[in-house]
Every structure is written in structure tokens, then in C-alpha cells.
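One chain comes next, on its own, written out as C-alpha cells in the form predicted on its own.
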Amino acid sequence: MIEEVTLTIDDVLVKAVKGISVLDAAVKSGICIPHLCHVPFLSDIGACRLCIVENVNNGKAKITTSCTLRVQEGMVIRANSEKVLKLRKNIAELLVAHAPNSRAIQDIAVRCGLKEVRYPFHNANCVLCGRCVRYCSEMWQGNAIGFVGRGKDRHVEYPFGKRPDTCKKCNSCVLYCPMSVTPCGEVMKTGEEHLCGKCDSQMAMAEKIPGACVWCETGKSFQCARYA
């Protein structure tokens, strides 16, 4: 028998299967919590930090990633409070400044209400979301790629820099990479990076219903629960 719990997300009572994440519970209930590193059928690591929420317990609120937070009976979650929105917007700004040549990241920036980028652009080709690594190890048991290095030198690589025999050559690592979803226009050259903002019209619905899910390209490409 499936056991359910009842929790409150942004003052809305939500019923969810016990053991799923707050993020999954919210999205399946039509409450939008922007996310990037999350994939419904893979383990969650909270790498991108976009899905942060306030978990209120005994009157005290703690900021945490909703993808790694399991639902519990009576939980009170603030997914779109003023504090959360401000922090999430800054995270989105850092992401798009780091890797602007991703349609997925550009869409997320718009979804978080970003209008300008204050940080220097870097035009990186990886945001260390770990989607490729987790898909390879958990779906294919290939373990053909992994994280190497620390700090600014951290990156995804084959073991010892050589493609192992366990690699299935399925190309899933590319399919699930946010950098594989290219911008609407041409790829931005170094020194010409900018916040696209062409999908701002998608936010018309959210302006009338704060927290409403927007059917953006991010969800379509990344197997968001709304598209599952």
C-alpha cells in the first residue's frame, strides 16, 4: 500500500508519496521550483542549488535544496518566499554568467526573473551539474566518466583521460547535458556573451499566478515532471 503524507508548500496543501523529494512533490502539484541538476529517475546531489527552499520547523526557517529534502508529514515549505527568490536569482545569474551558451540555463535565468548580469561572463562548457556522470553510472552502470580535480580545476573526464571499455557510446552524457541545448540564435562568441531574454514572454502566466509552472524548453528538454 502506498503511504502518503500531507505538507504545505507556499500555503498550498499538497499530498505526496512518502519518501519522494519536496521538489518532485511541488512540480507534480503544479508549483514551480526551478532546477537544473535534477533528473526524476536519478539520485539527487543538489549541485546547482537552484531548487533551494525554506524548510520551516518550529518557527525557524532553514535554506536547503528541495531535491535532496524528503517529504514528511506536516512539513511547511516556502518555495517562493522573498528570501528564496533573491538567493535563487543570484544563483541563476552566476550560472548564466559562467555558461551563457546554454538555452536551458538562459531559460532558467528568465524563469528566476533575471534582467541583467552583473558578473563577468566566462563562456564555460560545463557547470558541474553531474547529470552526465549520474546517468552513466546509474542507468548504464558504465562509470565511464566522473569528476576529476578540486575547486576551479574540477571537471568531468574519462578515468586517466582515456575512454574505458565500459563506455556504451550511447551519447546519453551529451543528451542530458544542459550545454547541449543551444541558444535560440547563434552560439555566442567569447567577448559577445549576454543574457538572451528572448523567452521573457513565457513569464506572462507566472506574473498573474506567482510560482506557477511555465512550460519552458528547460522542462521539455530535461524531462521535467510536467512533461513526463
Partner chain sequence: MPNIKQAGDLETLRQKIQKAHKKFPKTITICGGTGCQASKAGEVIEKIREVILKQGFGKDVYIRSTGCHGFCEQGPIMVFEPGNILYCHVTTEDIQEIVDKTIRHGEVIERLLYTDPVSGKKNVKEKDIPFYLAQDRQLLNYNRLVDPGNINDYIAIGGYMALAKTLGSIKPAAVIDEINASGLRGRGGGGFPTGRKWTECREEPIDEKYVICNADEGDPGAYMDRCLLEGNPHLVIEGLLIGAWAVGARRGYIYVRKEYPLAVKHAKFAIEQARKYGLLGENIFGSGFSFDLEVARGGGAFVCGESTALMASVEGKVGEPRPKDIHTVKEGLWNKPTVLNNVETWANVPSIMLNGASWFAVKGTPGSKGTKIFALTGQVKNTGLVEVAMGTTLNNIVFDIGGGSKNGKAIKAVQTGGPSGGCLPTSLFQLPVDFDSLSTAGSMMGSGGMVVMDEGTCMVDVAKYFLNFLQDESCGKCVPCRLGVERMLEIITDITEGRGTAEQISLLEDLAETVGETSLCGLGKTAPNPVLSTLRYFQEEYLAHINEKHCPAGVCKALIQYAIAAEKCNGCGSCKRACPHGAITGQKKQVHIIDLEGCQKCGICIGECKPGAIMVN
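Residue numbers count along the first chain shown, from 1. Worth saying up front: this structure is predicted, and the values here are computed from it rather than measured.
Missing here is the form predicted together with its partner chain; even so, the following discussion is about that form.
- A residue is said to contact a partner when one of its heavy atoms sits within 4.5 Å of a partner heavy atom; T68 meets this definition for its partner chain in the predicted bound form.
- Contact check for N90: a heavy atom falls within 4.5 Å of its partner chain in the predicted bound form.
- Contact annotation for C173: none of its heavy atoms lies within 4.5 Å of its partner chain in the predicted bound form.
- Using a 4.5 angstroms limit between non-hydrogen atoms, S180 is distant from its partner chain in the predicted bound form.
- This chain appears without its partner; in the predicted bound form, the one residue of L195, C199, L42, I63 with a heavy atom within 4.5 Å of its partner chain is I63.
- Among L85, V76, M139, L94, the residue placing a heavy atom within 4.5 Å of its partner chain in the predicted bound form is L94.
- Of the residues in 154 to 191, only R154 comes within 4.5 Å of its partner chain in the predicted bound form through at least one heavy atom.
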